[in-house]
Structures are given as C-alpha cells and as structure tokens.
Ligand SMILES: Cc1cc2nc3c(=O)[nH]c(=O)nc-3n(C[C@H](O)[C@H](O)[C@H](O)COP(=O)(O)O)c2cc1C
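Here you get one chain, nothing else, as structure tokens; it is the form predicted alone.
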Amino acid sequence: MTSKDKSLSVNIGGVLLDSPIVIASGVWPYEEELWSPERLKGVGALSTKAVTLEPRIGNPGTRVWETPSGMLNSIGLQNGGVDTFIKEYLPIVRKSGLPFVVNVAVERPAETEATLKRLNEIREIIPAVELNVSCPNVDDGGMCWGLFPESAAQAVSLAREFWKGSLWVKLTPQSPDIRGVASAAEDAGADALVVANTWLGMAIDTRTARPVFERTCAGLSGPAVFPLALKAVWDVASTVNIPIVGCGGVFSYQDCLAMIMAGASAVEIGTAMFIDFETPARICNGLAGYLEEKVLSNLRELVGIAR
C-alpha cells in the first residue's frame, strides 16, 4: 500500500496529507530530481529548509558528526534568504505536487515580520508555515523564543498577525515547561504543534582534545532521542487540543504508531532519511498492514489511544 491509501490520511492544521509522514526541515536538498513524485513515495508533506529574512552562511567548522545512535548537527540556518527562496527554490518545492510547510526561523521581531509579510503575499501557493522557535544552533533568535510560555506567545502572536495561512509551531525540547509553551502557542493562534526539535548534545574529538563543534554544543537527533521525543508528545497531548506532529528519532512504523498512540496525528522524520530514502514508503506499508490486521478503517482511530 502507498500514501494514496486514504486510511492513512490526516489533517494537520487545515492541511490535508495523504500520509502521516512529513520530511523534517533541513533534510531534503533543493535538487529537482529529489522533488519528483517517484522519489517521495509515502511522503505526506515536506518541510523546507529554514528561511530567514537575509541570507545566512551558517556555522563555521564541522557541521555534522555521527554518534552511535544518531547524529549531531550544527548547520546554523544556512539559507539564501526569503527572496532567494521565493525566486529559486519555491518553484522546485512545488514540483512535487505534495503539501509543504515553509520553515521560518524566528529572528528579531522586525526581521520575522518582514519574512512573514513576503510569504503572506503569496500565501495562496503556500499550504503552511512552520514557525521555528526551537533551533539550537544560533545565537540570535532560535530556541530562545521557545524556552518559555511568554516568549513563545510573543513569537506566535507576531506570526499570526502577519501570516494568515495555516501556522505550525516547532517547539524546543530544551524548554523547562514544554506543556506551558505548547498551551501558550495554542492560545496565541497556532494551528498545529511540531514536538520537537533536536536535543542539545556535544562531542569531543579525542585526536585534538577539543570539542568537535565551533559552538561546543549541537543538536542531537536519531534513535537515541526517540524515548525523549515520545514523552514530549505525551506531555503536550495532555495540554492542547490542536494537532501534534511528533518529531525525534522515528525510524520504523512501530515508532510512528507509538507517537500516534501517545497523541500525535503525524510524524516528522529526519535522520532516517540520511540512511534510507525508502523510509516513508516502508513506514506507510507497515501502518497499512497494522490497520488491516486490527480491522481499523483509518489511522485517526489510534490518535491518543494509549492514554
């Protein structure tokens, strides 16, 4: 079975997906051949690389480091800016024919406002924005907006004022009060929540006796964080009434099912795509087989069932 099987369809903040599998931001390159339907079997939607107002060159030095159960990354929101995205990359993104969400990194208020205004001018061709209040690899903006309910509410309220389409908000697991942040984001106008971004970690190069990354810390993803991400989904699902997209370490259909049973309606996958491009199709086949085995008509019947 494929993502066209309607038993796997979900609605995330007003965006209809044929499958619950979303490719996470920062993962999928802007190469036209990779945005063809043949390359995206099983994918319900894609999140673009982060977009900022002006171009960013990203972080210096090592950017990716493999761990025994995942990877650390410190990309630093490298991108060509919103105008370059609209002119050069948006046409590529649209070629897939799939829903997509434009990941917007929250910067200073004036910059974030300007970015959202540019996107809002063409919102008829953009299904949704994913407001990134969770990037751990930058000094200004990023996860500092998502650590506390008050700052998260400010960021989401700003976005809601200048972006009139579907608004997803990507939370940070570094928050000491992720339930409070989730509730604040919902109250400020979020249509869906992505739970969550990477966890802070680090690596030391024993050959040089120095931290691997210029910024010392980086974002940890992969199977190691799955139990932590699952708990975050469980916690947020007890707090909000809007759809949740679980994110963190999902590699198998069983992982996806666990996220859904905890309260998510869909999942984002990232690190798994560096290992196997067929991961979305494989997960969808597993989900369809599970529904058939349990004599269930659609995946939505399982949302939060473990609660």
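Predicted model only: the values in this text are computed from it and were never measured. Numbers for residues come from their place in the sequence shown, where the first is 1.
Keep in mind the form predicted in complex with the ligand is missing from the figure; the text below concerns it.
**Student:** Determine which one of 276 to 284, 247 to 255, 33 to 41, 234 to 242 lies within 4.5 Å of the ligand in the predicted complex, judging by heavy atom distances; exactly one does.
**Tutor:** Checking each option against the 4.5 Å cut-off leaves 247 to 255.
**Student:** Any chance Ala45, Ala128 and Ser265 all have a heavy atom within 4.5 Å of the ligand in the predicted complex?
**Tutor:** The answer is no: none of the three residues contacts the partner (heavy atom, 4.5 Å cut-off).
**Student:** Could you tell me if Leu17 has a non-hydrogen atom within 4.5 Å of the ligand in the predicted complex?
**Tutor:** No, no contact at 4.5 Å.
**Student:** Would Ile75 count as a contact of the ligand in the predicted complex, using a 4.5 angstroms cut-off between non-hydrogen atoms?
**Tutor:** Judged by the heavy-atom cut-off of 4.5 Å, Ile75 is in contact with the ligand in the predicted complex.
**Student:** Going by a heavy atom distance of 4.5 Å, is Leu53 a contact of the ligand in the predicted complex?
**Tutor:** Leu53: no contact with the ligand in the predicted complex.
**Student:** Is Asn103 close to the ligand in the predicted complex, meaning a heavy atom pair under 4.5 Å apart or at it?
**Tutor:** Taking the distances in the predicted complex, the answer for Asn103 is yes, it comes within 4.5 Å of the ligand.
**Student:** Can you work out which of Val225, Ala190, Ala159, Ala153 has a heavy atom no more than 4.5 Å from the ligand in the predicted complex?
**Tutor:** Spelling it out, the residue with a heavy atom inside the cut-off is Val225.
**Student:** Considering Val181, Leu116, Val169, Ala196, which brings a non-hydrogen atom within 4.5 Å of the ligand in the predicted complex?
**Tutor:** None of the others qualify; the residue that does is Ala196.
**Student:** With the partner left out here, which residues of 255 to 283 have a non-hydrogen atom within 4.5 Å of the ligand in the predicted complex?
**Tutor:** Heavy-atom contacts within 4.5 Å come from Glu268, Ile269, Gly270, Thr271, Phe274.
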